[in-house]
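Before any questions on how it binds or moves, here is one chain, the form predicted alone, in structure tokens.
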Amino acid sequence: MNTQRAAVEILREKCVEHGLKLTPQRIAIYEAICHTTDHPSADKIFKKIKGKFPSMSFDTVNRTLLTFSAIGLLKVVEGHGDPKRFDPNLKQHHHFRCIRCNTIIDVYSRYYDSVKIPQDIQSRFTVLGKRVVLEGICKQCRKKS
């Protein structure tokens, strides 16, 4: 099964599980997000698919992405005051965010995966996940300096 059909099948299963209709618009939004690695914003996805669905609003794209996050199809990655960015990569990973160009890069690290939650945090909260976000200057921005 090719990756596009596999993505639509995953979307179909999640929609059925959560009582959502599988619409051409939802398929287009999900395919657009699945074919990215740059953690796009809703605006970037909207611009990518508006030619195919000219009557679709930005609000529909944004609400659909938030729904996909709520049902476990993707995760929300938020920057500092920036619009929400979305990540379809559900594998355990962390992020590096460039403070100059706002690029977000996936980071895989067993060390970060194994970071222990301090006991004082565990006693006050129910931790459901953990993600390390490193911030700095990416290679491309360093070259420009």
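Note that the rigid core is defined as the largest set of C-alphas that superpose within 1.5 Å between two forms. All of these numbers come straight from a predicted model, not from anything done at the bench. Heads up: residue numbers just count along the shown sequence, starting at 1.
Below, we turn to the form predicted together with the DNA, even though it does not appear here.
K.L.:
Within 4.5 Å of the DNA in the predicted complex, counting heavy atoms only, one of 61-69, 113-121, 89-97, 32-40 shows up; tell me which.
P.N.:
That would be 61-69.
K.L.:
Might K84 be said to contact the DNA in the predicted complex, defining contact as any heavy atom within 4.5 Å?
P.N.:
Output for K84 is yes: heavy atoms within 4.5 Å of the DNA.
K.L.:
Is there a heavy atom of I10 lying 4.5 Å or less from a heavy atom of the DNA in the predicted complex?
P.N.:
No, I10 stays farther than 4.5 Å from the DNA in the predicted complex.
K.L.:
Within 4.5 Å, heavy atoms only: does S57 come near the DNA in the predicted complex?
P.N.:
S57: yes, in contact with the DNA in the predicted complex.
K.L.:
Flag G136 as yes or no: does it have a non-hydrogen atom within 4.5 angstroms of any non-hydrogen atom of the DNA in the predicted complex?
P.N.:
Answer no; every heavy atom of G136 is more than 4.5 Å from the DNA in the predicted complex.
K.L.:
Rigid core superposed, CA of K52 - does it shift 2 Å or more between the shown form and the other one?
P.N.:
Indeed, K52 is displaced by 2 Å or more.
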